[in-house]
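Shown here is one chain on its own, the form predicted alone, set out as structure tokens.
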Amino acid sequence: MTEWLKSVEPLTLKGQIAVPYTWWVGETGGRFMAALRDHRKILGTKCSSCKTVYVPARKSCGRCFIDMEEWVDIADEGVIQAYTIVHYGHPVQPAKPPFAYALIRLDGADVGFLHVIKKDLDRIKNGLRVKAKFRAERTGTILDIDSFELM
């Protein structure tokens, strides 16, 4: 270490930096998002080896590590597998509290799909059926599904 650093007083500045960015979801993610936006349709991909159906659609199987090319239609209904209720707000959250993040196994899928439940939080529990509620105006994001509602 050089001698001049011993005489320098450390300076710390506290602050926040906003770093807006846009990212591409790729060919597979793009097709998934376009189906939500254009057709109010949920698509999954199916592994040709282990037959696992993934939602949201993925390019490769997490079990077999092979590329998946088979697309399947997935129901807009499913079952709550797990959830947590959010009571405190933050600007990056997709809804104003209270709301729930829920892991939902959609009919026709083999993995859970994480999304939001905004209503009837006093009735929420694992095993309840839910249905997707799509936004009237969609833009090609996961939030084209506004939320899931208890059935």
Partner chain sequence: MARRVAIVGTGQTYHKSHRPDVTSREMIKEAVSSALADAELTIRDIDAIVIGNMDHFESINYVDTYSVEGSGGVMKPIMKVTTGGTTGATVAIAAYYHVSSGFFDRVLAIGFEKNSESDTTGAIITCSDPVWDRFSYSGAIPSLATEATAYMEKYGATQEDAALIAERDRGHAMNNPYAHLRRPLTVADIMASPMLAYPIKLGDICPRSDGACAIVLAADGIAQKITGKPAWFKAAAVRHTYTWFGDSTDYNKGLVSMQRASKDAYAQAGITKPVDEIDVAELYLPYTWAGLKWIEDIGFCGPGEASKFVGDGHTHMGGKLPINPSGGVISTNCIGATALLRVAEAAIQVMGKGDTRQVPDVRNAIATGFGGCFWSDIVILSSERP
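Computed from a prediction, not measured in an experiment: that's the story for all the values here. Here, rigid core means the biggest group of C-alpha atoms that superpose within 1.5 Å across both forms. Numbering follows the first chain given and starts at 1.
There is another form of the same protein, the form predicted together with the partner chain; it is not shown, and what comes next is about it.
> Going by a heavy atom distance of 4.5 Å, is residue 39 a contact of the partner chain in the model of the complex?
Contact check for residue 39: no, nothing within 4.5 Å of the partner chain in the model of the complex.
> When the contact criterion is heavy atoms within 4.5 Å, does residue 58 count as touching the partner chain in the model of the complex?
Yes, residue 58 lies within 4.5 Å of the partner chain in the model of the complex.
> Does any part of residue 67 reach within 4.5 Å of the partner chain in the model of the complex? Heavy atoms only, please.
Output for residue 67 is yes: heavy atoms within 4.5 Å of the partner chain.
> Quick one: is residue 120 in contact with the partner chain in the model of the complex, heavy atoms, 4.5 Å cut-off?
Output for residue 120 is no: heavy atoms all beyond 4.5 Å of the partner chain.
> Using a 4.5 Å cut-off on any heavy atom, which residues of 12-29 would contact the partner chain in the model of the complex?
Going through 12-29 in order - heavy atoms within 4.5 Å of the partner chain in the model of the complex - the hits are 13, 17, 19, 20, 21, 22, 23, 24, 25, 26, 27, 28.
> Once the two forms are fit on the core, has residue 13 moved its CA by at least 2 Å between the shown form and the other one?
Indeed, residue 13 is displaced by 2 Å or more.
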